[in-house]
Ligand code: HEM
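Only one chain is shown below, in C-alpha coordinates, and it's the form predicted on its own.
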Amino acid sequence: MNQAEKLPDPNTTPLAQFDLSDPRLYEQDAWRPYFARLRAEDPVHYQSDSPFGPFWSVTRFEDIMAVEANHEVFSSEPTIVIGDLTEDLPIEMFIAMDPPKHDLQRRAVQPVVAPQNLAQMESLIRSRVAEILDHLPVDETFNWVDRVSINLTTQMLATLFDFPFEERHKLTYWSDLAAGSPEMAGGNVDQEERMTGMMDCLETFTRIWHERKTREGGFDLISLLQRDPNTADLVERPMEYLGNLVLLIVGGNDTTRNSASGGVLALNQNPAEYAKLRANHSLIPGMVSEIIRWQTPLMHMRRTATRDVEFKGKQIRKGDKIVMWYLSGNRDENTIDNADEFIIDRSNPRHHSSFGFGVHRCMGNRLAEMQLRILWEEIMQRFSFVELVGEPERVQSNFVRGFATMPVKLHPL
(Lines give C-alpha, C1' and ligand atoms only; values in the text may rest on other atoms or scores of the structure.)
Protein backbone atom coordinates (compact mmCIF):
# COMPACT_ATOMS: atom_id res chain seq x y z
CA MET A 1 0.00 0.00 0.00
CA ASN A 2 1.29 3.46 -0.77
CA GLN A 3 0.90 6.39 1.58
CA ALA A 4 -1.93 7.98 -0.43
CA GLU A 5 -4.19 4.93 -0.29
CA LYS A 6 -6.79 4.79 2.45
CA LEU A 7 -6.46 2.07 5.05
CA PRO A 8 -9.03 -0.73 4.59
CA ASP A 9 -12.03 -0.84 6.90
CA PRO A 10 -11.05 -3.16 9.78
CA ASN A 11 -14.64 -4.36 10.30
CA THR A 12 -15.73 -5.16 6.74
CA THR A 13 -12.49 -6.04 4.93
CA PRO A 14 -11.93 -9.82 4.55
CA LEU A 15 -9.18 -11.00 6.91
CA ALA A 16 -7.23 -12.31 3.93
CA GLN A 17 -6.81 -8.71 2.77
CA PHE A 18 -5.39 -7.41 6.06
CA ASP A 19 -1.78 -6.26 5.75
CA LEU A 20 -0.37 -6.07 9.27
CA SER A 21 3.05 -5.19 7.88
CA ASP A 22 1.76 -1.84 6.55
CA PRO A 23 3.64 0.79 8.62
CA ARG A 24 0.78 3.28 8.14
CA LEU A 25 -1.32 1.25 10.59
CA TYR A 26 1.13 2.25 13.31
CA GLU A 27 2.14 5.68 12.05
CA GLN A 28 -1.57 6.65 12.08
CA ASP A 29 -2.18 4.74 15.35
CA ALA A 30 -5.01 2.86 13.62
CA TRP A 31 -4.00 -0.71 14.47
CA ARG A 32 -6.30 -1.59 17.40
CA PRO A 33 -9.47 -2.80 15.59
CA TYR A 34 -7.46 -4.92 13.13
CA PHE A 35 -5.81 -6.87 15.93
CA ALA A 36 -9.00 -7.06 18.01
CA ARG A 37 -10.72 -8.75 15.08
CA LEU A 38 -7.87 -11.16 14.51
CA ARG A 39 -7.71 -12.14 18.19
CA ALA A 40 -11.43 -12.87 18.05
CA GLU A 41 -11.72 -14.55 14.65
CA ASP A 42 -8.30 -15.86 13.57
CA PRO A 43 -5.65 -15.53 16.30
CA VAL A 44 -3.01 -17.44 14.28
CA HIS A 45 -3.49 -15.74 10.93
CA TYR A 46 -1.73 -16.45 7.63
CA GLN A 47 -1.05 -13.47 5.39
CA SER A 48 -0.19 -14.84 1.97
CA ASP A 49 1.03 -11.59 0.46
CA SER A 50 2.90 -8.56 1.78
CA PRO A 51 5.86 -6.39 0.73
CA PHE A 52 7.90 -8.65 3.05
CA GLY A 53 6.55 -11.94 1.73
CA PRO A 54 4.00 -14.23 3.41
CA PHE A 55 3.94 -14.59 7.19
CA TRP A 56 1.88 -15.86 10.11
CA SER A 57 0.59 -13.41 12.75
CA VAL A 58 0.27 -14.63 16.33
CA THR A 59 -1.94 -12.14 18.17
CA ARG A 60 -2.99 -13.63 21.53
CA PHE A 61 -0.86 -13.32 24.68
CA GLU A 62 -0.78 -17.03 25.57
CA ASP A 63 0.03 -18.06 21.99
CA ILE A 64 2.90 -15.58 21.85
CA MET A 65 4.31 -17.12 25.04
CA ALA A 66 4.00 -20.61 23.53
CA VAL A 67 6.00 -19.57 20.44
CA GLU A 68 8.65 -17.84 22.58
CA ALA A 69 9.03 -20.94 24.75
CA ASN A 70 9.84 -23.25 21.83
CA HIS A 71 13.02 -21.94 20.21
CA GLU A 72 13.80 -25.36 18.73
CA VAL A 73 10.76 -25.16 16.44
CA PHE A 74 10.44 -21.38 16.22
CA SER A 75 13.95 -20.11 15.58
CA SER A 76 15.24 -16.54 15.95
CA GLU A 77 17.62 -17.09 13.06
CA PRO A 78 18.26 -15.37 10.69
CA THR A 79 16.43 -12.22 11.92
CA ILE A 80 13.75 -11.00 14.33
CA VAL A 81 11.92 -8.49 12.09
CA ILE A 82 9.32 -9.21 9.37
CA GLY A 83 11.65 -8.30 6.52
CA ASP A 84 14.69 -10.35 5.60
CA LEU A 85 18.31 -9.26 5.96
CA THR A 86 19.60 -7.25 3.04
CA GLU A 87 22.52 -8.70 1.07
CA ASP A 88 24.56 -5.52 1.44
CA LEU A 89 24.50 -5.75 5.25
CA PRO A 90 24.29 -9.40 6.40
CA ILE A 91 24.68 -8.61 10.09
CA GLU A 92 24.41 -11.20 12.87
CA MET A 93 23.36 -10.49 16.46
CA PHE A 94 22.72 -12.67 19.47
CA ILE A 95 18.99 -11.87 19.63
CA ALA A 96 18.80 -13.47 16.17
CA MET A 97 20.61 -16.59 17.31
CA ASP A 98 19.43 -19.71 19.11
CA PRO A 99 21.02 -21.44 22.10
CA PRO A 100 23.77 -22.33 22.76
CA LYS A 101 25.50 -19.54 20.77
CA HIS A 102 22.88 -17.00 21.83
CA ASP A 103 23.40 -17.82 25.50
CA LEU A 104 27.18 -17.50 25.32
CA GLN A 105 27.12 -14.09 23.65
CA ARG A 106 24.34 -12.71 25.82
CA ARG A 107 26.14 -13.90 28.95
CA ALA A 108 29.20 -11.85 27.96
CA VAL A 109 27.35 -8.52 28.25
CA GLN A 110 24.77 -9.44 30.92
CA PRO A 111 26.91 -8.14 33.85
CA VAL A 112 26.39 -4.54 32.72
CA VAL A 113 22.76 -4.80 33.88
CA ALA A 114 23.35 -6.99 36.94
CA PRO A 115 21.47 -5.80 40.06
CA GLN A 116 24.66 -4.59 41.78
CA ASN A 117 25.65 -2.52 38.75
CA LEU A 118 22.14 -1.07 38.41
CA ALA A 119 22.20 0.00 42.06
CA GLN A 120 25.46 1.83 41.43
CA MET A 121 23.99 3.54 38.34
CA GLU A 122 20.92 4.91 40.07
CA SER A 123 22.50 8.07 41.48
CA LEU A 124 24.18 8.85 38.14
CA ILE A 125 20.87 8.46 36.28
CA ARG A 126 19.08 10.63 38.83
CA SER A 127 21.63 13.43 38.56
CA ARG A 128 21.37 13.38 34.76
CA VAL A 129 17.58 13.36 34.81
CA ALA A 130 17.63 16.30 37.23
CA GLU A 131 20.00 18.23 34.98
CA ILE A 132 17.87 17.54 31.89
CA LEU A 133 14.63 18.60 33.61
CA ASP A 134 16.17 21.68 35.24
CA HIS A 135 17.23 23.02 31.85
CA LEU A 136 13.79 22.72 30.24
CA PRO A 137 11.76 25.86 29.48
CA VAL A 138 8.60 26.37 31.55
CA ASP A 139 5.35 27.65 29.95
CA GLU A 140 6.94 27.36 26.52
CA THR A 141 6.31 24.73 23.84
CA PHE A 142 9.17 22.33 23.03
CA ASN A 143 9.71 18.82 21.63
CA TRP A 144 9.72 16.34 24.53
CA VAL A 145 11.16 13.56 22.33
CA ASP A 146 14.31 15.50 21.54
CA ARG A 147 14.87 17.40 24.79
CA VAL A 148 14.02 14.61 27.24
CA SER A 149 13.52 11.10 25.78
CA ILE A 150 16.45 11.08 23.35
CA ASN A 151 18.69 13.12 25.65
CA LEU A 152 18.23 10.75 28.61
CA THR A 153 18.65 7.48 26.71
CA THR A 154 21.61 8.70 24.67
CA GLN A 155 23.47 9.71 27.83
CA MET A 156 22.76 6.25 29.27
CA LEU A 157 23.98 4.52 26.11
CA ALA A 158 27.18 6.56 26.11
CA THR A 159 27.79 5.41 29.70
CA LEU A 160 27.13 1.74 28.95
CA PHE A 161 29.56 1.81 26.02
CA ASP A 162 31.92 4.33 27.64
CA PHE A 163 31.46 6.19 24.36
CA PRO A 164 32.87 9.71 23.91
CA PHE A 165 30.20 11.80 25.61
CA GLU A 166 30.49 14.77 23.28
CA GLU A 167 29.79 12.49 20.29
CA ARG A 168 26.87 10.62 21.84
CA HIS A 169 24.39 12.00 19.27
CA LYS A 170 25.93 9.49 16.84
CA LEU A 171 24.45 6.64 18.89
CA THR A 172 20.92 7.98 18.36
CA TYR A 173 21.59 8.50 14.67
CA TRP A 174 22.92 4.97 14.22
CA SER A 175 19.98 3.55 16.16
CA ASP A 176 17.50 5.32 13.88
CA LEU A 177 19.36 4.15 10.77
CA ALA A 178 19.53 0.55 11.98
CA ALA A 179 15.83 0.33 12.85
CA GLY A 180 14.54 2.35 9.90
CA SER A 181 15.22 0.04 6.96
CA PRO A 182 12.32 -0.02 4.43
CA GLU A 183 13.10 -3.63 3.45
CA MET A 184 13.21 -4.93 7.01
CA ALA A 185 10.75 -2.83 9.01
CA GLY A 186 8.84 -0.59 6.61
CA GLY A 187 10.87 2.47 7.57
CA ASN A 188 11.84 5.42 5.41
CA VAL A 189 15.62 5.56 5.84
CA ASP A 190 17.58 5.98 2.64
CA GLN A 191 19.52 2.77 2.00
CA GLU A 192 22.71 4.53 0.94
CA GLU A 193 22.63 6.71 4.05
CA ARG A 194 21.94 3.63 6.18
CA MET A 195 24.89 1.76 4.66
CA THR A 196 27.24 4.71 5.12
CA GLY A 197 26.09 5.19 8.72
CA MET A 198 26.44 1.53 9.63
CA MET A 199 29.96 1.42 8.22
CA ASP A 200 30.81 4.54 10.23
CA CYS A 201 29.42 2.79 13.34
CA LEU A 202 31.54 -0.30 12.68
CA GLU A 203 34.67 1.74 11.97
CA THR A 204 34.20 3.86 15.12
CA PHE A 205 33.65 0.88 17.40
CA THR A 206 36.49 -1.10 15.80
CA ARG A 207 38.80 1.75 16.71
CA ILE A 208 37.34 1.83 20.25
CA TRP A 209 37.85 -1.95 20.56
CA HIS A 210 41.56 -1.70 19.74
CA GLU A 211 42.07 1.34 21.98
CA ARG A 212 40.37 -0.44 24.87
CA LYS A 213 42.46 -3.62 24.58
CA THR A 214 45.23 -1.98 26.56
CA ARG A 215 42.96 -0.89 29.40
CA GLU A 216 42.48 -2.93 32.55
CA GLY A 217 39.24 -3.61 34.41
CA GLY A 218 36.68 -1.69 32.36
CA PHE A 219 33.02 -2.53 32.99
CA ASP A 220 31.55 -1.12 29.79
CA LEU A 221 29.98 -3.29 27.08
CA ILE A 222 33.09 -3.35 24.86
CA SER A 223 35.39 -4.35 27.72
CA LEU A 224 32.96 -7.10 28.76
CA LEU A 225 32.93 -8.49 25.22
CA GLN A 226 36.73 -8.44 25.14
CA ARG A 227 37.09 -10.25 28.45
CA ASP A 228 34.68 -13.09 27.72
CA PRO A 229 36.41 -15.98 25.89
CA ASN A 230 33.30 -16.52 23.71
CA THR A 231 33.38 -12.98 22.33
CA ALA A 232 37.05 -12.00 22.74
CA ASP A 233 37.60 -12.26 18.96
CA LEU A 234 34.28 -10.63 17.94
CA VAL A 235 36.05 -7.71 16.26
CA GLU A 236 37.49 -10.21 13.77
CA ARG A 237 33.93 -11.05 12.65
CA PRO A 238 32.85 -7.56 11.55
CA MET A 239 29.23 -8.32 10.59
CA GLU A 240 28.69 -10.12 13.90
CA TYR A 241 30.40 -7.33 15.83
CA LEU A 242 28.27 -4.71 14.04
CA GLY A 243 25.12 -6.77 14.57
CA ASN A 244 25.66 -6.98 18.31
CA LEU A 245 26.50 -3.28 18.49
CA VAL A 246 23.26 -2.48 16.65
CA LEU A 247 21.32 -4.78 18.98
CA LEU A 248 22.75 -3.15 22.11
CA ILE A 249 22.29 0.37 20.73
CA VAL A 250 18.70 -0.13 19.55
CA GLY A 251 17.82 -2.22 22.61
CA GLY A 252 19.27 0.39 24.94
CA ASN A 253 17.61 3.22 23.08
CA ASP A 254 14.16 2.46 21.74
CA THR A 255 12.41 0.81 24.68
CA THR A 256 13.23 3.58 27.14
CA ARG A 257 13.12 6.46 24.69
CA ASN A 258 9.67 5.69 23.32
CA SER A 259 8.22 4.77 26.71
CA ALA A 260 9.52 8.08 28.09
CA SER A 261 7.41 9.81 25.46
CA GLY A 262 4.54 7.32 25.54
CA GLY A 263 3.99 7.94 29.24
CA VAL A 264 3.39 11.66 28.63
CA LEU A 265 0.84 10.82 25.94
CA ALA A 266 -0.91 8.18 28.07
CA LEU A 267 -1.29 10.51 31.07
CA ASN A 268 -2.60 13.33 28.89
CA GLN A 269 -5.14 11.01 27.30
CA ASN A 270 -6.18 9.70 30.73
CA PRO A 271 -6.46 12.70 33.04
CA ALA A 272 -8.04 10.66 35.86
CA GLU A 273 -4.86 8.53 35.96
CA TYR A 274 -2.71 11.68 36.02
CA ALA A 275 -4.79 12.86 39.00
CA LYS A 276 -4.11 9.53 40.74
CA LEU A 277 -0.39 10.00 40.17
CA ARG A 278 -0.41 13.56 41.55
CA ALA A 279 -2.16 12.30 44.65
CA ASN A 280 0.13 9.33 45.20
CA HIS A 281 3.70 9.28 43.87
CA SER A 282 4.20 5.75 45.23
CA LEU A 283 2.24 4.55 42.18
CA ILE A 284 5.20 5.38 39.92
CA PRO A 285 6.88 1.89 39.81
CA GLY A 286 3.64 0.19 38.78
CA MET A 287 2.83 3.02 36.39
CA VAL A 288 6.18 2.49 34.65
CA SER A 289 5.24 -1.13 33.87
CA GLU A 290 1.83 0.01 32.66
CA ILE A 291 3.45 2.59 30.38
CA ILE A 292 5.71 -0.09 28.88
CA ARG A 293 2.69 -2.36 28.30
CA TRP A 294 0.52 0.41 26.91
CA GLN A 295 3.28 1.78 24.67
CA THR A 296 4.81 -1.57 23.53
CA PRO A 297 8.00 0.09 22.17
CA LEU A 298 8.92 -2.87 19.91
CA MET A 299 5.71 -4.05 18.28
CA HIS A 300 6.73 -7.50 17.12
CA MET A 301 9.38 -10.17 17.05
CA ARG A 302 9.67 -12.73 14.29
CA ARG A 303 10.57 -16.40 14.38
CA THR A 304 11.18 -18.86 11.53
CA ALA A 305 9.86 -22.43 11.59
CA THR A 306 12.63 -25.04 11.59
CA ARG A 307 10.22 -27.84 10.64
CA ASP A 308 6.62 -28.48 9.68
CA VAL A 309 4.46 -28.08 12.78
CA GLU A 310 0.82 -27.83 13.75
CA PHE A 311 0.21 -24.84 15.99
CA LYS A 312 -3.24 -23.98 17.37
CA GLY A 313 -4.86 -25.97 14.59
CA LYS A 314 -2.84 -24.32 11.80
CA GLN A 315 -0.30 -26.10 9.65
CA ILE A 316 2.94 -24.11 9.66
CA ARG A 317 5.58 -25.17 7.14
CA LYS A 318 9.33 -25.29 7.56
CA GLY A 319 10.77 -21.88 6.64
CA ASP A 320 7.55 -19.96 7.32
CA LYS A 321 7.82 -16.63 9.13
CA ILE A 322 5.92 -16.37 12.42
CA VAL A 323 5.39 -12.82 13.69
CA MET A 324 4.53 -12.44 17.37
CA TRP A 325 2.64 -9.18 17.74
CA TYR A 326 3.54 -7.98 21.25
CA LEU A 327 1.35 -4.97 20.50
CA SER A 328 -1.67 -7.26 20.21
CA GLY A 329 -0.69 -9.51 23.13
CA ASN A 330 -0.67 -6.43 25.35
CA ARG A 331 -4.29 -5.73 24.34
CA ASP A 332 -5.51 -9.31 24.78
CA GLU A 333 -8.65 -9.08 26.90
CA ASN A 334 -8.49 -12.85 27.52
CA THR A 335 -5.34 -12.34 29.62
CA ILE A 336 -5.31 -8.69 30.74
CA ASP A 337 -8.38 -7.09 32.32
CA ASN A 338 -9.50 -3.87 30.60
CA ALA A 339 -6.57 -4.34 28.25
CA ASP A 340 -7.29 -1.25 26.14
CA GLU A 341 -7.33 1.02 29.17
CA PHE A 342 -4.35 2.78 30.75
CA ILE A 343 -4.54 2.04 34.50
CA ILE A 344 -1.54 3.06 36.61
CA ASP A 345 -2.49 1.04 39.70
CA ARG A 346 -3.05 -2.38 38.15
CA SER A 347 -2.63 -5.30 40.55
CA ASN A 348 -0.17 -7.14 38.27
CA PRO A 349 1.40 -4.44 36.06
CA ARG A 350 4.38 -6.52 34.91
CA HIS A 351 2.07 -9.02 33.22
CA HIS A 352 2.76 -7.81 29.68
CA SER A 353 4.55 -8.94 26.54
CA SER A 354 6.71 -5.87 25.80
CA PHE A 355 9.95 -7.48 27.04
CA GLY A 356 9.32 -10.87 25.43
CA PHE A 357 9.56 -14.23 27.21
CA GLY A 358 11.99 -17.10 27.61
CA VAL A 359 15.63 -17.07 26.52
CA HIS A 360 15.18 -13.83 24.56
CA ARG A 361 13.49 -11.84 27.33
CA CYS A 362 14.85 -8.29 27.20
CA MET A 363 18.22 -8.18 28.92
CA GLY A 364 17.94 -4.54 29.95
CA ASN A 365 14.35 -4.59 31.20
CA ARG A 366 15.27 -3.59 34.77
CA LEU A 367 17.48 -0.75 33.52
CA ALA A 368 14.64 0.55 31.33
CA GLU A 369 12.23 0.41 34.27
CA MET A 370 14.72 2.17 36.53
CA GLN A 371 15.32 5.03 34.08
CA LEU A 372 11.59 5.58 33.63
CA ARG A 373 10.91 5.37 37.37
CA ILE A 374 13.58 7.97 38.14
CA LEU A 375 12.35 10.19 35.29
CA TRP A 376 8.80 10.28 36.69
CA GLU A 377 9.96 10.67 40.29
CA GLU A 378 11.92 13.75 39.26
CA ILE A 379 9.15 15.11 37.00
CA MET A 380 6.67 14.94 39.87
CA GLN A 381 9.08 16.90 42.10
CA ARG A 382 9.08 19.80 39.63
CA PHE A 383 5.96 19.98 37.48
CA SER A 384 2.24 19.79 38.11
CA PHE A 385 1.53 19.00 34.46
CA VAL A 386 3.50 17.95 31.40
CA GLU A 387 0.85 19.15 28.97
CA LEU A 388 0.58 17.79 25.43
CA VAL A 389 -0.18 20.83 23.27
CA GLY A 390 -0.36 19.22 19.81
CA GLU A 391 -0.57 15.90 18.03
CA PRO A 392 2.60 13.79 18.34
CA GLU A 393 4.28 12.67 15.14
CA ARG A 394 4.97 8.94 15.02
CA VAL A 395 7.83 7.22 13.23
CA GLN A 396 7.19 5.16 10.10
CA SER A 397 7.83 1.53 11.07
CA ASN A 398 6.09 -1.78 11.65
CA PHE A 399 8.72 -2.67 14.28
CA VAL A 400 9.54 0.35 16.46
CA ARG A 401 6.50 2.07 17.97
CA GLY A 402 8.07 5.44 18.43
CA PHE A 403 7.64 9.18 18.22
CA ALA A 404 9.51 11.73 16.14
CA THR A 405 8.00 14.76 17.86
CA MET A 406 5.78 15.44 20.87
CA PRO A 407 5.00 19.13 21.54
CA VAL A 408 4.55 19.80 25.26
CA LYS A 409 4.38 22.66 27.73
CA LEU A 410 5.50 22.36 31.35
CA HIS A 411 3.50 23.77 34.26
CA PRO A 412 5.44 24.22 37.51
CA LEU A 413 4.18 22.99 40.87
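Note that residue numbering follows the sequence shown and begins at 1. We call the rigid core whatever largest set of C-alpha positions still superposes within 1.5 Å between the two forms. On a predicted model such as this, the values are computed, not experimentally measured, just so you know.
Keep in mind that the form predicted together with this ligand is missing from the display, and what follows is about it.
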Taking this ligand as it sits in the predicted bound form, is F61 in contact with it (heavy atom to heavy atom, 4.5 Å or less)? no
Determine whether any heavy atom of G252 comes within 4.5 Å of a heavy atom of this ligand in the predicted bound form, and answer yes or no. yes
Does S354 reach this ligand in the predicted bound form, with heavy atoms at most 4.5 Å apart? yes
Given that the partner is absent here, does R212 sit within 4.5 Å of this ligand in the predicted bound form, heavy atoms only? no
Using a 4.5 Å heavy atom cut-off, indicate which stretch of 243 to 251, 274 to 282, 162 to 170, 124 to 132 touches this ligand in the predicted bound form. 243 to 251
Check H102, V113 and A368: does every one of them have a heavy atom within 4.5 Å of this ligand in the predicted bound form? yes
Taking this ligand in the predicted bound form as the reference, which of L327, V264, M301, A108 has a non-hydrogen atom within 4.5 Å? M301
What residues of 343 to 367, in sequence order, lie within 4.5 Å of this ligand in the predicted bound form by heavy atom? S354, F355, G356, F357, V359, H360, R361, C362, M363, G364, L367
Core aligned, does the CA of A260 move at least 2 Å between this form and the one not shown? no
Comparing between this form and the one not shown on the rigid core, is the C-alpha shift at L221 2 Å or larger? yes
